[in-house]
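Presented below, as structure tokens, is a lone chain in the form predicted on its own.
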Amino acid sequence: MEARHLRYALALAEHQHFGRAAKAVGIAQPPLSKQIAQLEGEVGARLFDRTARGVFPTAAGEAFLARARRALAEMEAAAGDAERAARGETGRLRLGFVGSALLELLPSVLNRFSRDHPHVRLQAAEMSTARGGRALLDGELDVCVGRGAPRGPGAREIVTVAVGRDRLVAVVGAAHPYAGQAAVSVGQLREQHLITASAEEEPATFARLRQAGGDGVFTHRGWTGARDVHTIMGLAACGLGVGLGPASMRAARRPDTWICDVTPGVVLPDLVMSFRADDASPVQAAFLAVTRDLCPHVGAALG
């Protein structure tokens, strides 16, 4: 039994005449009569009464046609679902990201992606670069945004593309002596308790800060590790010390904090988007396409 047999039976029930039904389905009347007879033989019951007034479904035919309508509807729905999935319009995307990605990159990307792909289940979670990298390598994420490429077994199968560049700034509470200054020097930072990304959670950023400030920058006055820029700013506002983070923190400036440039300038590790090279998911491809449209400077790399 094939889908065409169901369509033939439904057409015959609608038109109640072999000739009109044959015209509706685009075949000649004799083949239609033969197909209906074969269908009845396969079902093992007479589905239609042939009378002088027309052709009408029997009780068995009515029962068969009810199921046939639902079966054809499901087949059409299945084909539609497959087409939408192939275009990346349905499915799931698991995204991990560092907090600073919400300051510039992700708001525009996620807004566009959610608008254009409303039926995709987006599972987004903030996590450190280290945690996100492990999750991507373990197959728990489809896309990860962090500072620095994932490391560990399987890292060679990961594609990493820079999607943002930033430099270091310092944030202090409104009552701090540095408040009101346009800039602070790396030498001045050595005399302060620092609040910054931890070596375990953000190894690339921590290494860059230690390189810029020297080995003693974190040991002279001590330091506090924080996972995201919002915690860094909050602890600085509490007067705990001087927070260090990306210049994009200015987008989340608090009224009880002050942000200074750091001299000489310190370039932070790139904000990168990472994903598995062998992932052929249409949803992932759709997400990367949105990113490519909104971040022209990474278009060639993502392509």
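The first residue of the sequence shown is number 1, and the count goes up from there. Keep in mind that this is a model prediction, so the values were computed, not measured.
Heads up, the form predicted in complex with the DNA isn't pictured, but that's what we're talking about next.
Remark: of stretches 269 to 277, 255 to 263, 50 to 58, 233 to 241, the one touching the DNA in the predicted bound form is 50 to 58 (heavy atom within 4.5 Å). Ala28 is the sole member of Ala251, Ala45, Ala63, Ala28 with a non-hydrogen atom within 4.5 Å of the DNA in the predicted bound form. Contact annotation: Arg70 falls outside 4.5 Å of the DNA in the predicted bound form, judged by heavy atom distances.
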